[in-house]
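A single chain comes next, written as structure tokens; it is the form predicted on its own.
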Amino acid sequence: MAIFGALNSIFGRKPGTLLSNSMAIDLGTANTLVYLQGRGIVLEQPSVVAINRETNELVAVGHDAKAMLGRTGTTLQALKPLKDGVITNATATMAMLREFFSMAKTRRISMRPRVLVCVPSGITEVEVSAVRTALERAGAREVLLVSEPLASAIGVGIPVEGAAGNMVVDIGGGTTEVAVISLSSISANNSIRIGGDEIDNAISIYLKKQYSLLIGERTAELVKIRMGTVLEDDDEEYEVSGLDFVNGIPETYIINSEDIRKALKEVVGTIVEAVRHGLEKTPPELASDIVDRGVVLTGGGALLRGLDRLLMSETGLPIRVADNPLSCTVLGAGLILEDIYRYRNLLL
């Protein structure tokens, strides 16, 4: 009743009423998505900022800032203010969120917005406080929180309020969240701070060791998108340009799918182990549900070719990739906003 009363005070509307000044945010390591209540997703931008080193002024955010990664000189610095799903640079995060709020606002949002933000299930109290502070200083009037796996489950259409167990594996830019959901709560979970960024890093390290080739973050991400695979039957080639650190000159090498499989073997193995550990923590009754219902993969990492087949082989469970893996988390948070009274028990 206390939660219900607090929500009634915060939102002050009847169930189902549209609130023009409420938004949901998936504040991710790689990307930030914003959902406006009654309008849907209105913003999807990389979680990157560019600042002037001398004046500390914000120069660019989102796509414009990402284009500067690895290309700035002594005056500018392009950086990602979040790492492993949590804030590592509070000042840059606040500046970025302030700009994203401005981009997302319309005439219907004339006041400071109330924000529902998605956070990793393994987040600490200190990290929660950092998220709240960043959003409030960026312009949020009220801040509510929901675990990413719960939001993702709702976003893919899983009936989280039912007694049956459902497993979601959310592979984001900085974390992999493994959660078994039943009766509007997470019954078993496993959260590791490995995701898409670690996959990019693994590609960079492999090319450095194998070809003495140094590449930047953006190039590593392009290789992942173009050739990311764990399938043995994939046989593709791709030209990668970078700096040959032995000769000290720019160089181009042709890599193949076998290179990528070798590069990603350790990271993918860690993700598989995380799923196994999540299953080990699952109560027997819910485990039997998962055998029937299978596992849903969400997040950008779910797009890694062959990952679903590998997990199916390793666990013996049905595995499917969500139809909207990149946006299902913020969509789920948006659905919570649209019917906040129904989903009030999901809030942290």
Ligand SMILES: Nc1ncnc2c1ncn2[C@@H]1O[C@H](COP(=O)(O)OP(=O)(O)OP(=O)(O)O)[C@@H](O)[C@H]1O
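Note that residue numbering follows the sequence shown and begins at 1. Everything quoted here is computed from the prediction, not taken from an experiment.
The form predicted together with the ligand exists for this protein as well; it is not shown, and the discussion that follows is about that form.
*asked:* Does the ligand, in the model of the complex, lie within 4.5 angstroms of each residue among 30, 221 and 300, using heavy atoms as the measure?
replied: Per the other structure, all of 30, 221 and 300 touch the ligand.
*Sort through 54-62, 303-311, 289-297, 276-284 and report the only stretch with a non-hydrogen atom within 4.5 Å of the ligand in the model of the complex.*
In short, 303-311.
*Would residue 93 count as a contact of the ligand in the model of the complex, using a 4.5 angstroms cut-off between non-hydrogen atoms?*
Outside the cut-off, so no.
_Given that the ligand is not shown alongside this chain, does residue 183 nevertheless sit within 4.5 Å of it in the model of the complex, heavy atom to heavy atom?_
Looking in the model of the complex, residue contacts with the ligand do not include residue 183, since no heavy atom lies within 4.5 Å.
*in the model of the complex, residue 149 touching the ligand (heavy atom, 4.5 Å)*: Outside the cut-off, so no.
*Distance check, residue 155 to the ligand in the model of the complex, heavy atom within 4.5 Å*: Close contact is absent here: in the model of the complex, residue 155 is far from the ligand, nothing within 4.5 Å, heavy atoms only.
*Of the residues 113, 242, 165, 173, which one places a heavy atom within 4.5 Å of the ligand in the model of the complex?*
Filtering the options by heavy-atom distance leaves 173.
*Quick one: from 126, 103, 225, 205, grab the residue that has a heavy atom within 4.5 Å of the ligand in the model of the complex.*
Partner contact (heavy atom, 4.5 Å) among the options: 225.
*Along 315-337, which positions have a non-hydrogen atom within 4.5 Å of the ligand in the model of the complex?*
Going through 315-337 in order - heavy atoms within 4.5 Å of the ligand in the model of the complex - there is one hit, 326.
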